[in-house]
Structure formats: C-alpha cells, structure tokens
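Below you will find one chain, with nothing else, as structure tokens; this is the form predicted on its own, and questions on how it binds or moves follow later.
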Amino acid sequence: MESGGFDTHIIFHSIPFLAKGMLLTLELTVLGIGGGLVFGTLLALCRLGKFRALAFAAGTYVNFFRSMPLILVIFWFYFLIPLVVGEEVGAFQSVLTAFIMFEAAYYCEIMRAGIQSVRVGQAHAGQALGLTYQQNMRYVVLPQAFRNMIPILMSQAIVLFQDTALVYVVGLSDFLYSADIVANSENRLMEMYITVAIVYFSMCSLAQFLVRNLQKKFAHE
C-alpha cells in the first residue's frame, strides 16, 4: 500500500508488540486497584475511627493527594524513592507505588461513603452478637459497604486504566507508549493513534456498560 494511504497491515503486524504494552497497562491497573483499595480501606477506617490523631492524619493524606496532579506524583516517586532508600528503584516499582498511594486517597473516600451507607442497625446487631469492632467491620459492615460501592469502585478503576498512559513520562512501555514507538519508527502515526483510540474506547465502553448494569441491578434489589 502507498505510504499516503491507511495501512492496516502495520496494525496487524504490530499486534504482538502492542499486546505486550497492553499487558503492562493491565498489570499496573490491577495492582494499582488492589493496593489502592487495601490502603484506601485502612485510611477510611482511620478517618471513621475514634482516635482523632489517626483521623486527622488520614484526612490530611487524602486531601493532600487529591489536590495533586497524578503526573506530579509519578515524578515524585520516580525521582525521590531512590534518594530515600539510597539505591536505584525500577520505573515499574516507583510508578506502581505512585498509583497505589494516589488511588488510595480516592478509594478512601469511596469506602468511607460506603461504610457510612450501611445502616447503623447492622453494626448494632453485630455488637449484640458479641462481635468485636474488628470482627464487626470484617464480617458485617465492610462486605455490605463493598457491595454498595462496586459500581463507583469500577468507575474509579476505569479512570486508573486511562491514567496509566501517563507512565510514558518515565519511559515504561505501556500500550500507548508501545503504539507511539511503532508510529514513529514506521512513520504511521494515523494508523497507530487511531488504533489506540479504538482500543481505549472499546474497553472503557465495555466497562462502563458493566457499571450501568450493576447500578440497575443493585437499584432493584
């Protein structure tokens, strides 16, 4: 095909290389969600706890990270972690740490709202059964909170999936960065960037469709 036309061959030829980039994108997304959710839940419990010092510290953490642009947080952890630990840290580890710490601030507020959405009577019932505070949270409150928050948790996961494209600033070969390499090396910018847009649109649209279905399902239960 002529160089001026739309070359679909380069797209299919680049699929294995692009797939490796997508695997990195998905790995960062899944690990970022998992780590952010665990840390965010702990922050939410601190904010809702009786210890004012912990509640204040957790609230300060959340407000601080929610006021920072993610790309700045990525730069912080990429350049500052090696200075703190005194040795070289890989780009993947530093970026993943940045995602977890950043997303935890958002998951904290989501979980806090989810915990507060559970009826007080449920917690009182657990206490009447002789459950400790930790057992009450683990077996009664948190399972219901997670269920209530699943749609918005998935919405935040979609945002994180899109935000992983920012790792290009530290040279990680995610999906977008891999496509950019092919686009520039083969001089096929239009083909690659259109492909990236279609893939992101398709995956995010599918995820949003699942979120809407979950919202409808929980609304009727």
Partner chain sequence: MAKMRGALRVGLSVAVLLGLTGCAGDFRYNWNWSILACTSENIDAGCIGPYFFWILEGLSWTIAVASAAWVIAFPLGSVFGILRTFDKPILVVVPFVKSPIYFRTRAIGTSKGIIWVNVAWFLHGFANVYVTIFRNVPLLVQLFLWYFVFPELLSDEAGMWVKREMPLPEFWTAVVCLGLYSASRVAEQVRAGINSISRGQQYAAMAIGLTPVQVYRYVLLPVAFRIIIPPLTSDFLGVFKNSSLALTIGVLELTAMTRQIEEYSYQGFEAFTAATVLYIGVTAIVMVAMRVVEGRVRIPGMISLEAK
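Residue numbers count along the first chain shown, from 1. Keep in mind that what you see is a predicted model, and the values were worked out from it rather than measured.
Keep in mind the form predicted together with the partner chain is missing from the figure; the text below concerns it.
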| property | result |
| --- | --- |
| In the predicted complex, the residue from Leu54, Val38, Met68, Val30 that sits within 4.5 Å of the partner chain by heavy atoms | Met68 |
| Touches the partner chain in the predicted complex: Phe17 (any heavy atom, 4.5 Å) | no |
| 4.5 angstroms heavy atom contact with the partner chain in the predicted complex for Leu210 | no |
| Interface membership of Gln93, the partner chain in the predicted complex, 4.5 Å heavy atom rule | yes |
| 4.5 angstroms heavy atom contact with the partner chain in the predicted complex for Val182 | no |
| Any residue of 85 to 117 that, in the predicted complex, places a heavy atom within 4.5 Å of the partner chain | Val85, Gly86, Glu87, Val89, Gln93, Leu96, Thr97, Ile100, Met101, Tyr106 |
